[in-house]
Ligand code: ADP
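Take a look at this single chain, the form predicted on its own, given in structure tokens.
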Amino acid sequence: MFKKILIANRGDVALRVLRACQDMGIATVAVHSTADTDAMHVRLADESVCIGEAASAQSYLNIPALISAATITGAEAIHPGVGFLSENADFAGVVAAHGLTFIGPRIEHITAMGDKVEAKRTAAKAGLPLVPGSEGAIADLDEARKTADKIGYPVLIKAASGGGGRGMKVANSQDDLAEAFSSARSEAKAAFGDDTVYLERYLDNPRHIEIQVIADAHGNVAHLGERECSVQRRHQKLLEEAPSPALTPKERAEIGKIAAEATRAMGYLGLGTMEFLYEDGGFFFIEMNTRLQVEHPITEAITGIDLVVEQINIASGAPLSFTQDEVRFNGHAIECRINAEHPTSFLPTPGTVKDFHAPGGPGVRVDSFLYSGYRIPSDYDSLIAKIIVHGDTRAHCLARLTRALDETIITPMPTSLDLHRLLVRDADIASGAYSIRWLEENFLPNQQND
């Protein structure tokens, strides 16, 4: 087992990894930018190293600085957390080249799944169901027209190197295709430095379902059930729950088995998430995230399995601590992502926190790096807290979540707390009758009109 791990991240995920290490008796190294000198993960780590200025490119994305920090502190492994370099195959390669262990999947799987076109090819070979679409990248508008005519409108043009909804455009007819194709390529080039795109059939009203998978180096593979992630704004998740209120027990078992078998067929190692669109009883693979997910706590809540501890154990060469037959799903869990954003305009609201009170009570977990007097920087993602609630049933969970949100205090800046307080009281959320377009097409317009 590792004696010391460097955590190449910040915020709540840095704290999450740090706590897992402490539970395992592993020393920790925190890295931070000049904007994060007073961050909680820096305060709690055994050692800390400043790796650059506030800009991510000069700090959390600075590979030489991260390797230097690991070398001078004697760290044996690097946990990349979520975002930043967590799915960067070049970083994983540099880590390995310096005799360190990258706590994540094999480089070939990071590479394959980082390219959405190659990910679809890999998924097809592994037996995963796909959304009808192009077999590979689309070279030009003429090919886009031929492909769209073949699969039928509406179509979705997607960046091959994309993520977070960038480089994605919908064409409802041939008249829309030229502009959507050009716009998607331009946006992809600006965001990812790569204008490669591909086409998929645009599903009318799907839900976003993802399956947590995990595999070790000893041939053990398991799935840990699904997460429902359909409450989204501009392809960014706001609220997630496990299990999904939409799936039947039969569908749940089938898609879990398919995901686990595909994981085994790929020879995958470590933690991963297979994401699907679900509509009218059908599942369609869209991508695989080769890292820890922001919403992993709801899976931990219903299974009792510490996913970060399992990640670290697998990276050290140990087998999974459980088998598929030993996985038990208990109750229901929901996570709300609290952002430093105005609840209706969604404009960022950085600033100094005056008052912070986290909710408590049975079944309530809060993953946050906030404290009274902490200055939320404007340089990074606006996520400042995750409120995770577990209950015996979905109704029980929603009741606890309503209480937890009402207990939470973050002042003086506006946050998305008020939005979540309305969400958990909405009839469609209560009934589970929502899809990936529900928030933007039904809920948000009603709030803005009010």
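Here the structure is a predicted model, which is why all the values come from computation and not from measurement. Throughout, we count residues from 1 along the sequence that is shown.
Beyond the structure shown, there is the form predicted together with adenosine-5'-diphosphate (ADP), which is absent from this document and is the topic of what follows.
- This chain is displayed without adenosine-5'-diphosphate (ADP), yet in the model of the complex the stretch 229-237 from 229-237, 176-184, 309-317, 91-99 comes within 4.5 Å of it by heavy atoms.
- Put simply, of A123, L203, I255, I338 only one has a heavy atom within 4.5 Å of adenosine-5'-diphosphate (ADP) in the model of the complex, and it is L203.
- Think of it this way: in the model of the complex, adenosine-5'-diphosphate (ADP) has a heavy atom of just one of K150, K189, R166, R106 within 4.5 Å, and the residue is R166.
- Using a 4.5 Å cut-off to adenosine-5'-diphosphate (ADP) in the model of the complex, not one of I298, I334 and G432 places a heavy atom inside that distance.
- Within 4.5 Å of some heavy atom of adenosine-5'-diphosphate (ADP) in the model of the complex lies at least one heavy atom of R437.
- Not displayed here, adenosine-5'-diphosphate (ADP) is kept clear of H79 by more than 4.5 Å at the level of heavy atoms in the model of the complex.
- In the model of the complex, adenosine-5'-diphosphate (ADP) lies within 4.5 Å of some heavy atom of H208.
- Contact check for K116: a non-hydrogen atom falls within 4.5 Å of adenosine-5'-diphosphate (ADP) in the model of the complex.
- Contacts of stretch 284-315 with adenosine-5'-diphosphate (ADP) in the model of the complex, defined by any heavy atom lying within 4.5 Å, are made by I286, E287, listed in sequence order.
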